[in-house]
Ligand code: GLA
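The form predicted alone is given below as one chain in C-alpha cells.
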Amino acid sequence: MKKNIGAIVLLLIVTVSAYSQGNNYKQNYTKYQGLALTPPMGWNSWNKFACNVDENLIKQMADAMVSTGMKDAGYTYLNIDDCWHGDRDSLGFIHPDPKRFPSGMKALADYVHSKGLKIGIYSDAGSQTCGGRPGSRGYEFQDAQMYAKWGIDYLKYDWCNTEGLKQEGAYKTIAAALQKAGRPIVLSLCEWGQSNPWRWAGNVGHLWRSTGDITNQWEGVKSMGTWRALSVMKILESQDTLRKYAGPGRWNDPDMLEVGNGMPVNEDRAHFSMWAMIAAPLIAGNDLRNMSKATAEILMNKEVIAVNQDSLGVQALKYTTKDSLETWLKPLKGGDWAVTFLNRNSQPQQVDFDWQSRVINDDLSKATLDAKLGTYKVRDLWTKKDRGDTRKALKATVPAHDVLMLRLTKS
C-alpha cells in the first residue's frame, strides 16, 4: 500500500511539474492595456527625413517639440523610423548604428524623457526593414527586451520582406514579446491594411495602418517605382467604412501627417481637420525646427486637437456628398458635435445647412443631433469665432480644397 501511495505522489509531482513547465511557455498575444486611450500624438522622422536620421537630429526635434509649443499642444511621442539599426551582436541582440547613434539608444531615450516626451522606435516583421536594415523576424523577443532596456515607449512595426508570414500571427508574436519584456509600449501595426487588420487587431495593437503610404498630394496617386503612394483625399475615401472598429485604445491609422511638407496652407488645414475628425493618430512629419507660422498654427490648433482627442473616441461619419462638398459629423463627449464641410472641388462651394430641418442619428454611438429639441452654439474652429446658433440656418462659402470646421455645443 505504501508503495502505491508513493507512486501516486510521484505521479502527481511529475504531472504538476510538467503542467507548470508548460505554462512557462504560454504566451500573452495581446497589447498592453490602458495605453492610447485617445489617438496618439507625436512626430515621426520618415516623411521628411526618410533614412537620414541620427541622434543629433532626434535631440533637435525633441528640443523643438518643447520650444515650439508642440508638447504643450499634446504631442507626446518622438518616433524614430527606419534606418537607425546597426548590427546584431554574437547573441543576436540589436544595437543602433554606432556612427549615427554613438551615445546609444538608452542615452537618447533618457534625453527625450528629460524633455517630458516619450520615444518611439521602428522595426519590421520580416528579415529586413523596408530600408534594408535588420528586421525582427526570429529575434522578436530579443528585440523587445532591448526596447524595454532602452526605455522605448512606442513601436512602429512594418511589413517589408515578410515572405511566407501571415499578418495576424506575426503581429501577435511581437505583442507577446513586448508583454514578456515587461515595459508598456504602444504597438503600431504597419501592414498597410492588406489583411483588414481592423477585423482582428483590436486586442493585438493600439493602432493599425488602414491604408498604403501617404504622400504630400491632395488627389490621386504618386508612382514610387515598385509601389504607389496615396494622396490625402485618396486615403480619406477609404476610411468612413471603418469607423465601427475604432475607439479608445484601438485606432484606424490613415498614416502620418504631411502638414508642412509642401502642400498649400488650405490643403494642409483640410488634411489636419479630417484626420482630427476621423480620430486618426496625429503624428506630424515635418521639420519642427523651422516651421512656418501657418504650419505651426495648423498643427497646434487646440480646438481642432480637442475634437481628435475627445474621450468618447468615435470616428466621424460621412453624412452627405454633393458637388464635391462632403459633410462629416463626429459625436463628442457630453453631447457636443463636430461638423466639417470639406470642399474637394477646385472652386469655392456654398453651404446652406438648415439645422432645424434635419435630425441626424448616429447608429454607432447612438447619439442624435436634433436642433429642434435644443439649441446649439456654433463655433468656427479655424477662425476661432462664434457663428450664432442652430436656430438659424448656416450659410457660408468653403474655399477650394479647404474646410469649414465647426463645434456645436448645447446652450
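The numbering used is simple: start at 1 and walk along the sequence shown. Nothing here was measured: the structure is a model prediction, and the numbers come from that model.
The same protein also has a form predicted in complex with alpha-D-galactopyranose, omitted here; what follows describes it.
> Since exactly one of 140, 153, 158, 326 fits, which has a heavy atom within 4.5 Å of alpha-D-galactopyranose in the model of the complex?
Result of the distance check: 158.
> Please pick, from 256, 299, 232, 201, the one residue with any non-hydrogen atom lying within 4.5 angstroms of alpha-D-galactopyranose in the model of the complex.
Checked against the cut-off, the match is 256.
> Within 4.5 Å of alpha-D-galactopyranose in the model of the complex: all of 46, 131 and 213, by heavy atom?
Yes, each of 46, 131 and 213 comes within 4.5 Å of alpha-D-galactopyranose in the model of the complex.
> Hey, in the model of the complex, is residue 336 touching alpha-D-galactopyranose, heavy atoms inside 4.5 Å?
Answer no; every heavy atom of residue 336 is more than 4.5 Å from alpha-D-galactopyranose in the model of the complex.
> Taking alpha-D-galactopyranose as it sits in the model of the complex, is residue 147 near enough to touch it, meaning that at least one heavy atom pair lies within 4.5 angstroms?
Contact with alpha-D-galactopyranose, no.
> Does alpha-D-galactopyranose come within 4.5 Å of any heavy atom of residue 267 in the model of the complex?
Judged by the heavy-atom cut-off of 4.5 Å, residue 267 is well away from alpha-D-galactopyranose in the model of the complex.
> Whether residue 310 contacts alpha-D-galactopyranose in the model of the complex should be assessed with a 4.5 Å heavy atom distance threshold; does it?
Judged by the heavy-atom cut-off of 4.5 Å, residue 310 is well away from alpha-D-galactopyranose in the model of the complex.
> For the chain seen here without its partner, which of 95 to 103, 168 to 176, 242 to 250, 187 to 195 has a heavy atom within 4.5 Å of alpha-D-galactopyranose in the model of the complex?
Answer to the contact question: 187 to 195.
> At 4.5 Å, heavy atom to heavy atom, what parts of 382 to 403 sit next to alpha-D-galactopyranose in the model of the complex? List them in sequence order, or say none.
Heavy-atom contacts to alpha-D-galactopyranose in the model of the complex: nothing from 382 to 403.
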